[in-house]
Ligand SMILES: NC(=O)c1ccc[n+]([C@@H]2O[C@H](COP(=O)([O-])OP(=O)(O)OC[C@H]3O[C@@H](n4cnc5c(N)ncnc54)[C@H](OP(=O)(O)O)[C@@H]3O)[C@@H](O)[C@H]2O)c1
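Form predicted on its own, single chain, as structure tokens, below.
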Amino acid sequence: MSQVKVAVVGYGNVGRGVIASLKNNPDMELVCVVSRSPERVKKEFSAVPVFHVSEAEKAFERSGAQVAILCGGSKDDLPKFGPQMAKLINTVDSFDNHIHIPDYFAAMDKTAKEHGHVSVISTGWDPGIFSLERTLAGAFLPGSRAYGFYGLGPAGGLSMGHSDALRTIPGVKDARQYTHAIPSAVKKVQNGENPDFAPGDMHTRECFVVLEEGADKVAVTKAIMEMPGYFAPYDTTVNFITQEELNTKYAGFPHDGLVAAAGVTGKGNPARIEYRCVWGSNPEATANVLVAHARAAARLAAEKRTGAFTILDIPASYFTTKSHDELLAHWM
């Protein structure tokens, strides 16, 4: 297919990752960046036109963008900007607040259909790749349950969505959140116990927070512990540190995860399915998946499809540049 013209909406860690990923995809072309802070973006990146978010419609029209990759946070940004952008253009996003995905899907589906666009939602490695792996594992091992675990190593894994949620709390200047899988929970799944876990039974949360001058530690801690969908159900540790410590000790973005399911086949023989990923950079990993889904969104739009889609709704061949013949010959 011809080159897909892509707009990047949001210029944080994921936005930077998307721009880097686009350079590795010869069928994709970055044509503009849309940001709430265009002057800040222009100081760092000026290879394409940069527009304020209020000028999004003009940005898409002038640049000829076909797909906008939305790189905002799931707590406050995407619920607001997702439907707004879906009115204007085909979109791809990484909305990752799992319990709110059905409502977000419904909102994006309604808007995209009304305006004749495609909106691929909640894609990355989880939700996204892991959503697909959970679905496949459950189908291939009937009666089993598939589980997702994150932060399997001693250092845990940096969660961008949870870190972003921390930074929305009044008094928080900067923050990182690391997720840790509970080893005994992983073992129960691998043993085929199919446990009925509560949200806090599988992972713990570790927060490293830099406060604004004069901020109330007690109030910030309370806001973290009580934040629904992010920290309230979990064993959460809050550490207050300096900006220098955050920048030096917690500067990277590593993450990893595992989807696991165990059960029996037809005659009762034990079986286990596992999918593991290890990312040196969580935002760049998410960005790579977003870019592949932008390719899929363009193909769906070319077929005159409209509405919201997830990775579960899209043929795998739509994500790759390989032809059907190449897939049959080399990847089957």
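Residues carry their position along the shown sequence, with the first being 1. Keep in mind that what you see is a predicted model, and the values were worked out from it rather than measured.
The form predicted in complex with this ligand exists for this protein as well; it is not shown, and the discussion that follows is about that form.
Among heavy atoms of G72, some come within 4.5 Å of this ligand in the predicted bound form.
Using a 4.5 Å cutoff between non-hydrogen atoms, Q177 does not count as a contact of this ligand in the predicted bound form. Taking the partner from elsewhere, R36 is found to have a heavy atom lying within 4.5 Å of this ligand in the predicted bound form. Of the heavy atoms in F309, none are within 4.5 Å of this ligand in the predicted bound form. Of the candidate stretches 74-82, 182-190, 105-113, 203-211, only 74-82 contains residues with a heavy atom within 4.5 Å of this ligand in the predicted bound form. For the candidate set M160, A261, V220, I89, a heavy atom within 4.5 Å of this ligand in the predicted bound form is found for exactly one residue, namely M160. In the predicted bound form, N282, T286 are the residues of 275-299 with at least one heavy atom within 4.5 Å of this ligand, listed from first to last.
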